[in-house]
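Single chain ahead, by itself, as structure tokens, in the form predicted alone.
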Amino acid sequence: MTTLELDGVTKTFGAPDAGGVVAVDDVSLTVDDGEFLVLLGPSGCGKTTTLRMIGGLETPTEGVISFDGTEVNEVKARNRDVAMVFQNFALYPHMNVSQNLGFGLRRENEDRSSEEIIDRIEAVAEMLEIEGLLDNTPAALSGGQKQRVALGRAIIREPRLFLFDEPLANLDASLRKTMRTEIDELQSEVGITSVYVTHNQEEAMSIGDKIAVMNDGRLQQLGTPSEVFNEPSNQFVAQFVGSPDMNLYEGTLTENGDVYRVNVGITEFDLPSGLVQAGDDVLDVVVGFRPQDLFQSRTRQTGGPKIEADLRVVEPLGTEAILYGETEGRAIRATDTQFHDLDEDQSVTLSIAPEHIYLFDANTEELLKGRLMTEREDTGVGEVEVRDGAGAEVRDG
């Protein structure tokens, strides 16, 4: 297995002093042995360029890429011992599945006998459940089967690194869910350090050990899926990770003893000062409510602020619905399982637990308060206990 390190890696297309385009800007990160890192971000954020530099298909303008502490900037792609799986399956159309799987072994490992290669092909085909397709050509395969063959061709070489460039983008939604689970299981089984590029935050959250969120060529946050979701480093990360999008409202923050008073126009509420990492000069904030954290007051008491909203659209999604509403002239979104008796143009009262509210500095957009993972505990009528992520009591009200 291999530890991958990027130290101050920058990639500029064109002359840097003549208006060149900076695709990747000073990215530093480490991927430990056997770890599965997902590069996540919108189109044009630099994630694929970063992957191509790791694979040796692009050369960094500045910075160092290292495998196990050894710089590989000048090492050609074919000598880096990495395997890439692309969005298009890149199979040889004139070869059957067995020949596609074994092509790399036959080309690169002259010391292997034909029997050893065949045994390895059969073992990988069994792992991917395509052993019955070995005599088929790519034209006779479905999209999912083609992607399994492409994965098998990468796995069979037992490389130092797996590099995945949006490998599931061409598959339908149902097959994408199946394949991402299989990729996650395969990577865990073979234990090879992997870097996976996607713009799909659901994919990133479900398969990554760590997620590197990128925007405009810069690394915004590196952390576990839980950290990125619950403690986003800034507003961009908070908006990009999570569906439906977070509700964001401009507000003000006023310190009042051991609490902060938050006014967002649609509601006012207090937060214990121990939950908020704000300096004395922070007055203007952006308040965030995730739709999943909003509940109807009639079905669940959260001990937090209440928001009156007029429903505009109720969008059923099976066991839950997305509620689109308006409050004080501002849009609001909530997800709810108790929606069957709701009608459009109906008024509802929504509430959210204090520990699940996000706060951002309005000027820097940096996080002041994230979503605590520990649920609120009801300790009595009108009495709420809020605990921090370690379980320590913050307020007893």
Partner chain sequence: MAADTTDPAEEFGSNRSWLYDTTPGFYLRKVLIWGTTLGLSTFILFPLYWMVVTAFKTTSEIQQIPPTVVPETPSLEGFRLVVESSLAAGGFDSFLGWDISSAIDIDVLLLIANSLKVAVGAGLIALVFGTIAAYVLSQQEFRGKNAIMSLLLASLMFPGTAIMVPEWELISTLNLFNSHLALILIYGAMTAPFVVWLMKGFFDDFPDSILDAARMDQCTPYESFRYVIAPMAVNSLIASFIFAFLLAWNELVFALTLLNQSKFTVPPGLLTFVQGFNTQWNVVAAASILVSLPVLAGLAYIQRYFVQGLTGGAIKG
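Fair warning: this is a prediction, and the values are worked out from it, not measured in the lab. Here, rigid core means the biggest group of C-alpha atoms that superpose within 1.5 Å across both forms. Positions refer to the first chain, counted from 1.
Not pictured, yet referred to below: the form predicted in complex with its partner chain.
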Selected contact from Arg120, Arg157, Lys210, Arg180, since only one has a non-hydrogen atom within 4.5 angstroms of its partner chain in the model of the complex: Arg157
Contact test in the model of the complex: Gly257 vs its partner chain, heavy atoms, 4.5 Å: no
Close approach of Arg298 to its partner chain in the model of the complex, 4.5 Å, heavy atom: no
Proximity of Arg153 to its partner chain in the model of the complex, heavy atoms at 4.5 Å: yes
Close approach of Met84 to its partner chain in the model of the complex, 4.5 Å, heavy atom: yes
Partner-proximal stretch of 85-93, 237-245, 267-275, 172-180 relative to its partner chain in the model of the complex, 4.5 angstroms, heavy atom: 85-93
Partner contacts in the model of the complex for 41-78 (non-hydrogen atom within 4.5 angstroms of its partner chain): Arg52, Gly55, Gly56, Leu57, Ala77, Arg78
Shift of Phe86 between the shown form and the other one at or above 2 Å (CA, core fit): no
Met95 C-alpha relocation of at least 2 Å between the shown form and the other one, rigid core basis: yes
